[in-house]
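A single chain, nothing else alongside it, follows as structure tokens in the form predicted alone.
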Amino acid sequence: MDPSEVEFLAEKEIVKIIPNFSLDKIYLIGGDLGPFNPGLQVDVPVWLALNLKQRQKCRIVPPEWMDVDKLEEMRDLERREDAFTPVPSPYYMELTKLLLNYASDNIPKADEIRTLVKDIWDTRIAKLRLSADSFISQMEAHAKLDNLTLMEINTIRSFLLDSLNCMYKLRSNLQPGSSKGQLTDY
């Protein structure tokens, strides 16, 4: 899965908007949305919120976790703990990117939020690299990936798969070009 596919999945997350138009309930395959009344909050998927925002038909309400104080608290907790801490959304990085790129005027302190989420991301990726290094150097056979997001796993996936493949070859006592037989990569 590449980052664009993860972002596609993130666009299905629900956010609140405040429409500036009237429309009865709309019936979609993924579920019913609306009704839309000016000034009244309604829950919609991110893809629709961004579409309406680009057409200046709504204002996007930032998710509760997209607050400077909450993100500072999360960043500090992530730095203190050795294990990965729970994140407020499985798509926190993608949602931040999408909402700040297309609706930064609706999000108070957007630049601070961007910086805090980047700090959280960097801390988590550094932990992930250390965990992967430890996992490989100890020649473990399995690992527990609690509280990781899909994008974080996607970031380390190719490195981890190549490393595990090499470990398999070493454990099987097969060297590349060995006469014992051919080994297929998984």
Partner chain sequence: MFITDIRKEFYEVVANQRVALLVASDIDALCACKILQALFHCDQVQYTLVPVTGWQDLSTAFLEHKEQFKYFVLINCGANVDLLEMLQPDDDSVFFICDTHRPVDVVNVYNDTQIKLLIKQDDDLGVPSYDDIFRDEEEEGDDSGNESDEGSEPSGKRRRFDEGAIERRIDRQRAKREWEARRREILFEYEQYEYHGTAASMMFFELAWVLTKDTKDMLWWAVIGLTDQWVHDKITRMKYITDIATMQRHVSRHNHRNEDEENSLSIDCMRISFEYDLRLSLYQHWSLYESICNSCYTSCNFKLWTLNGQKKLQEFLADMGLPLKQVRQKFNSMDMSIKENLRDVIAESSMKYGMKDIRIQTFGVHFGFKNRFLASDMVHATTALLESTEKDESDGDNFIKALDSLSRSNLECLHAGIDQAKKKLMAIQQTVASCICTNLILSQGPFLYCYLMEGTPDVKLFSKPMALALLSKYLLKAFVHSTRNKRCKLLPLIMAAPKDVEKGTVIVVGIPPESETSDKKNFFGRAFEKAAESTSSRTLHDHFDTSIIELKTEDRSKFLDALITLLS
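A quick note: this is a predicted structure, and the numbers were derived from the prediction, not measured. Residue numbers count along the first chain shown, from 1.
One more form of this protein should be noted, the form predicted together with the partner chain, which is absent from this view; the next part is about it.
Interface residue among Lys70, Lys118, Lys57, Arg129, judged by heavy atoms within 4.5 Å of the partner chain in the predicted bound form: Lys57. The partner chain in the predicted bound form comes within 4.5 Å of a heavy atom belonging to Pro108. Proximity of Thr85 to the partner chain in the predicted bound form falls outside the 4.5 Å heavy atom cutoff. Taking the partner from elsewhere, Arg114 is found to have a heavy atom lying within 4.5 Å of the partner chain in the predicted bound form. Heavy atoms of Ser104 reach within 4.5 Å of the partner chain in the predicted bound form, making it an interface residue.
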